[in-house]
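Only one chain comes next, encoded as structure tokens, the form predicted alone.
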Amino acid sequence: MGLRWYHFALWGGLIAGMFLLPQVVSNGTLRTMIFANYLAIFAISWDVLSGRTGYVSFGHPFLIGIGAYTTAILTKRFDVAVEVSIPIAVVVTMIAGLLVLLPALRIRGSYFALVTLAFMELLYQLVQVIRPDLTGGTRGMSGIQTLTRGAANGYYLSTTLMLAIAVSMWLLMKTRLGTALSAIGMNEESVRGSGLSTTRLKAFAFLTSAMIAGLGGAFYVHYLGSLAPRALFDINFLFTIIVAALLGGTSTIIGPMIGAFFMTFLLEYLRPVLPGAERYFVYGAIALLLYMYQPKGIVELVRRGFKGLGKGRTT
């Protein structure tokens, strides 16, 4: 697996640092970091499928939405306990995603991206017109049960969830299975020629991605306490997820996490200066410039910085 002691030391330092943050930052900063944690979960989920296998999905809010709507409807309309509704939401997300999107894995490139985008738009339209008494129609749902109260509790919950997913995915990608998924993105024909079933590998990547998206979507809606289809299926939400993964560094776990925090705090700091949608244009321009300068993302810049420091000490 190529694991070294310093890998665990770095993860341990990161985990300890994140859990100590509430002692030194304000509640306002913690609330911003909660959104960064959930964006990191969604970006990791997108990267497991698109960053590893090269199948770029434009329909990720479709998976997040299924998880969010399932647990919201179960708890709000049918009084199902949240401890039960969240696992059900994850399973429903995986099943629905598999049934609808797995056939799309037979195509790739721009066609795959367009098909996934179409499914996201289809779900957006359906939740508004089919059984609005359950989904809330165009207004969405409010008064959904929340899991925590207060910024610190919300931060600890979202951080625990995000770190658990990140470490689990990191360990998974260190196995031969993770290596095979990354190899699909580099040369799918070679993987098929080596005797491995690329269809099974892609199905596994998709199911894992759907599981994370469903889990993140379910916890996210129980943090917000409300659900609005226009915000959940907004194109800006989709691009924020993708840009976070690309900007941080795809085919890594720490990359989407860094990208999510960078994007969230960038948007938050731009809010007082540019309160409208124009701040998305500014963050898009910054993201584009960074991506053009280093296509492998911020994680590659950090890696080169450490290498430069190492060389400086040896000379």
Partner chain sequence: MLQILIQGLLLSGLYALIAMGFTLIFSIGRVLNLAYGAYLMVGGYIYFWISQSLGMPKLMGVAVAAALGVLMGVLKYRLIVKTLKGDHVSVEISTLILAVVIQAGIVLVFGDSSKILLPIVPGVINVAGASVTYNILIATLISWAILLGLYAFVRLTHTGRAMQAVSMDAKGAAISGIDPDRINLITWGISGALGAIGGVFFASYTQLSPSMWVAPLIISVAVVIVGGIGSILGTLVVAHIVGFLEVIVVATLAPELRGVFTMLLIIGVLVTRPQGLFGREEL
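Numbering follows the first chain given and starts at 1. Note that the structure is predicted; figures quoted are calculated from it, not measured.
Unshown form predicted together with the partner chain; subsequent notes refer to it.
*Asks:* I have Ser110, Val243 and Gly284 flagged as a candidate spot, so tell me whether each of them has a non-hydrogen atom within 4.5 Å of the partner chain in the predicted bound form.
*Replies:* Looking in the predicted bound form, the three residues Ser110, Val243 and Gly284 all sit within 4.5 Å of the partner chain (heavy atoms).
*Asks:* Could you tell me which one of Ala118, Leu157, Val80, Ala203 places a heavy atom within 4.5 Å of the partner chain in the predicted bound form?
*Replies:* Here the answer is residue option Ala118.
*Asks:* Though the partner chain is not shown, can you say which of Val84, Ala164, Leu126, Met186 has a heavy atom within 4.5 Å of it in the predicted bound form?
*Replies:* Residue within 4.5 Å of the partner: Leu126.
*Asks:* Looking at heavy atoms inside 4.5 Å, which stretch does the partner chain contact in the predicted bound form, given the options 26 to 34, 66 to 74, 264 to 272, 243 to 251?
*Replies:* Careful reading of the contacts points to 243 to 251.
*Asks:* So in the predicted bound form, does Thr146 come within 4.5 Å of the partner chain, heavy atom to heavy atom?
*Replies:* No, no contact at 4.5 Å.
*Asks:* Would you check, heavy atoms only and a 4.5 Å threshold, whether Trp170 touches the partner chain in the predicted bound form?
*Replies:* No, Trp170 stays farther than 4.5 Å from the partner chain in the predicted bound form.
*Asks:* Hey, in the predicted bound form, is Trp11 touching the partner chain, heavy atoms inside 4.5 Å?
*Replies:* No, Trp11 sits far enough from the partner chain in the predicted bound form that none of its heavy atoms falls within 4.5 Å.
*Asks:* Taking the shortest heavy atom distance, is Arg106 within 4.5 Å of the partner chain in the predicted bound form?
*Replies:* Yes, contact at 4.5 Å.
*Asks:* Do any residues of 288 to 303 have a non-hydrogen atom within 4.5 angstroms of the partner chain in the predicted bound form? If so, which ones, in sequence order?
*Replies:* Those in contact are Leu288, Tyr291, Met292.
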